[in-house]
Ligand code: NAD
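One chain comes next, on its own, written as structure tokens: the form predicted on its own.
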Amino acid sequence: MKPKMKAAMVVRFGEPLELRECEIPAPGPGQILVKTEACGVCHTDVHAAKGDWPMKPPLPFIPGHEGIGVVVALGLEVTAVKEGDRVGVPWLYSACGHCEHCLSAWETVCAEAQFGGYTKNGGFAEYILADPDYVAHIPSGLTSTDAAPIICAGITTYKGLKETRAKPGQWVAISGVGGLGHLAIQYAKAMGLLVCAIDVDEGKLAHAKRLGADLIINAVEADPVTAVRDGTAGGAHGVMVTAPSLGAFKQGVGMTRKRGTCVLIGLPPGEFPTPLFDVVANCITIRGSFVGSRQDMAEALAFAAEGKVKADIELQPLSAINQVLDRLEHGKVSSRVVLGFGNS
């Protein structure tokens, strides 16, 4: 009888995940098998389980793209990792490696890219198959639990800040101080930036202040566009919108300084209401940012390993996954949830 593992699977879109026992997969040529120690839970997992996006994952599948664990088996011709290495299996599961985007370190937009926990089975399981060329290499000083959010929320916000092109001493406005935003504030401070944090929750704003935000704005109590422009003497040089809200997207452009850059990370449904006159007249750049490259991953993890960035984490067992996803969908998770597998 083949050995079994526990996994949480999406069997039908929009229904609770099913906790099942299934066979532990064997790595084929060019693959590795990772024994999971921890896996973060992301709002993208909610979208995946509901089938919200145009490109839907094939059913059934195992979500989770923040899986951290130890390599326990190698397929043929694997040289990039060895057994015993601790790695992360992130959203970017693999890419072609030879198109114009891959060759210029933009593999996240490769037409042949595969995505962990979406087009490939992910980390809501005791074992994960992975491509050794695309796993994250976890620094020794970082626990698996602490590393899990970094390989998604961390790299996403770090790359987004880089895409603002803001320089040390300049202002960045971070719209939304949740699972992404609280990491973005820490990365921005570590990068020498002045930070304006915008949210509608006083508790999250108080948290932002403790993390080093130089200016906090409650978007319910004041017009955030006016408040940011006044507080930064003309608008932020870079704006990063993490909130999945069309209103926040429109406000983000309004907060952007002339010749500044507004980076969009959140994925709200609907069409983005772009104020074209303001964008053209003020020479504003609007840029989408989608996770980050393997080099961005290494840099994001290095900040965390040096203690400059640390996610606020709530640890839960795999058996609680449906309650966690429900809380995420309804905005009842303040920072990041990580599933523990009891072997880290």
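The first residue of the sequence shown is number 1, and the count goes up from there. Keep in mind the model is a prediction, meaning the values are calculated, not measured.
Not on display, but discussed next: the form predicted in complex with nicotinamide-adenine-dinucleotide.
- In the model of the complex, L17 stays away from nicotinamide-adenine-dinucleotide, with no heavy atom inside 4.5 Å.
- By the criterion of a heavy atom within 4.5 Å, A320 is excluded from the residues contacting nicotinamide-adenine-dinucleotide in the model of the complex.
- Mapping the unseen interface onto this chain, F303 falls outside it, with no heavy atom inside 4.5 Å of nicotinamide-adenine-dinucleotide in the model of the complex.
- Though the partner is left out of this view, R86 does not reach within 4.5 Å of nicotinamide-adenine-dinucleotide in the model of the complex, counting heavy atoms only.
- Among V195, A208, L129, A248, the residue placing a heavy atom within 4.5 Å of nicotinamide-adenine-dinucleotide in the model of the complex is A248.
- Contact annotation: of the candidates P139, G254, G266, G231, the single residue with a non-hydrogen atom within 4.5 angstroms of nicotinamide-adenine-dinucleotide in the model of the complex is G266.
- For a residue to qualify, one of its non-hydrogen atoms must sit within 4.5 Å of nicotinamide-adenine-dinucleotide in the model of the complex; all three of V177, T242 and S289 qualify.
- The candidate stretches are 178 to 186, 112 to 120, 141 to 149, 162 to 170, and the one lying within 4.5 Å of nicotinamide-adenine-dinucleotide in the model of the complex by heavy atoms is 178 to 186.
- Residues of 36 to 63 lying near nicotinamide-adenine-dinucleotide in the model of the complex, listed in sequence order, are C42, H43, T44, H47, W53, the criterion being any heavy atom within 4.5 Å.
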